[in-house]
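Next up: a single chain in structure tokens, the form predicted alone.
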């Protein structure tokens, strides 16, 4: 019987930003469904998820895609972390979104997440001169040419791998700061968008390994007059996408304005370094929304305003945000 290599992927207990961990389980194939993937354990004392004297944690497979690196019947498996007795582990942020997704299924919420990231070679962003700075930002956004774009080979390979894995990546582009890029996942339902975002990040880190490059999601990778890195989250419900939806969107924005601090608390660590009111951001201390306003907390796209229905873009989440938390609080605030 053929063997299947399943890469079990999970979020650890690292603070303030959880990291991804993974290990390989070799199974006798074929694996037709999640039920064919067994529970598995790991040493939680090595991942900030348990004490050494009681260190067993459990991995529960919850989402699988073909492994585009190993190929064949091999798999990437997103897992929830559970305690040894099967209860939800305190670092498991997916479980809460799973409950909310069930609760608000009738809303048919869609999420499209724009993931910005910065490629580093050693201590420098890729393409930056050793110990110095490139030309001021301006020509790099969606640029072309060896003097303006750095790391395209990694970016293109990452895109291919994501598509081969069946992830709903809808685009890529070079970003404002040299060495910085973006890709978009969605639109998808809450759990699918968050699961696919975590798997796409794992693939980004994994493929960057092969090039000796590290990809970072820090919201302000370079201090000074350089753009930060965000994860703008486009969000809509069925009511927002239907005739007259603009009123539902405006109502959602009013609800979001009353819960600004609660959202900022789960929108990523070090976000205050990015949300300064400069570089296409609104200050972390204020909330405002507007049509086509990239300096607002929430941007209502021009097409949405013109047609009278569509979606909103929450520009506050940082690149290192946890999509399980962001999707959950958007549902909680706007659908209650």
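Numbering follows the first chain given and starts at 1. Computed from a prediction, not measured in an experiment: that's the story for all the values here.
This next part talks about the form predicted together with a small molecule, which is not shown.
A.B. asks: From the list 114, 101, 80, 195, which entry has a heavy atom within 4.5 Å of the small molecule in the predicted complex?
C.D. replies: Of the listed residues, the single hit is 114.
A.B. asks: By the heavy atom within 4.5 Å rule, which residue out of 186, 245, 179, 221 makes contact with the small molecule in the predicted complex?
C.D. replies: None of the others qualify; the residue that does is 186.
A.B. asks: Verify the contact flag for residue 285: yes if a non-hydrogen atom of it lies within 4.5 Å of a non-hydrogen atom of the small molecule in the predicted complex, no if not.
C.D. replies: Contact with the small molecule, no.
A.B. asks: Spell out, yes or no, whether the shortest heavy atom distance between residue 64 and the small molecule in the predicted complex is within 4.5 Å.
C.D. replies: Answer no; every heavy atom of residue 64 is more than 4.5 Å from the small molecule in the predicted complex.
A.B. asks: Please tell me whether any heavy atom belonging to residue 274 falls inside 4.5 Å of a heavy atom of the small molecule, as the geometry stands in the predicted complex.
C.D. replies: No.
A.B. asks: Is residue 267 one of the residues lying within 4.5 Å of the small molecule in the predicted complex, judged by heavy atom distances?
C.D. replies: No, residue 267 is distant from the partner.
A.B. asks: Where does the small molecule sit in the predicted complex: which of 227-235, 151-159, 257-265, 91-99, heavy atoms within 4.5 Å?
C.D. replies: Comparing against the small molecule in the predicted complex, the contact stretch is 227-235.
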